[in-house]
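Next up: a single chain in structure tokens, the form predicted on its own.
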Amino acid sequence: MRKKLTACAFALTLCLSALIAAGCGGDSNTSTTGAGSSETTAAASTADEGFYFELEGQKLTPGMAQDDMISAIGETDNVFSAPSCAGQGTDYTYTYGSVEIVTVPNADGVNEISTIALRDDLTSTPEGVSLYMTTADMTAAYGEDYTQSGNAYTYVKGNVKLSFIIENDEITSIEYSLATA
């Protein structure tokens, strides 16, 4: 049963990441920060003000420049690339063990993190929540200040959105993305 749930959660996460990365048919959800050191400062500021994911001791946030991410945690051999739907460049999906990070080009053509998704229960959020935990575990770590749409529970802090999908009182998806206005 757990294998089936893992496969379903992975498929759902992959589909959601592809939709977010593609950005077709609607408004773009990419940030419009400028290139260079200002992105590093903005990403570091977001890590202090909003939700972040920690990988290999480094804080990662949606909106962080792809180059800064690679400088912080290193390159991976597991990278998928595809032309950006918006025609601005290339979208990338990086897999680091149990974590999938999607980067897309922003308005300036600089790739930045669009989503960070946890793929299995071998990793957790900095607050200690992982896949297959319960709704009570989520609210114990993050509180009751969430919005709910169906089985999706979303917390927003700073400019980062942390989303949980819960099925039968079990977390089946955890994803960080940029909060949009």
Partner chain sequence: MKAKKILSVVVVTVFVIGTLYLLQRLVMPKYMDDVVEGNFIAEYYNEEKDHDVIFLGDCEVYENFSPLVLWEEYGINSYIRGSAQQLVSQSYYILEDTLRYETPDVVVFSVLAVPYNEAPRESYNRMTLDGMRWSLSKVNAIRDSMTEEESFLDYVFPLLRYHSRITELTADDFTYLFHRDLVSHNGYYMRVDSLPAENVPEGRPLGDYTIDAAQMEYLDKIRTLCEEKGIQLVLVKAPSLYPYWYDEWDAQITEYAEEHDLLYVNLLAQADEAGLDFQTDTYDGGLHLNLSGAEKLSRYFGAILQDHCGLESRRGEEALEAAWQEKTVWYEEDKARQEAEIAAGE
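Since this is a predicted model, take the numbers as computed values, not measurements. Numbering follows the first chain given and starts at 1.
Only in words, not in the display: the form predicted in complex with the partner chain, which the text now covers.
Interface residue among 150, 143, 126, 57 relative to the partner chain in the predicted complex, by the heavy atom within 4.5 Å criterion: 150.
In the predicted complex, the partner chain sits within 4.5 Å of a heavy atom of residue 172. Within this chain, residue 115 lines the site of the partner chain in the predicted complex, having a heavy atom no more than 4.5 Å away. Using a 4.5 angstroms threshold between heavy atoms, residue 78 counts as touching the partner chain in the predicted complex.
The closest non-hydrogen atom of residue 83 lies within 4.5 Å of the partner chain in the predicted complex. Judged against the partner chain in the predicted complex with a 4.5 angstroms heavy atom cut-off, the residues 93, 100 and 165 are in contact without exception.
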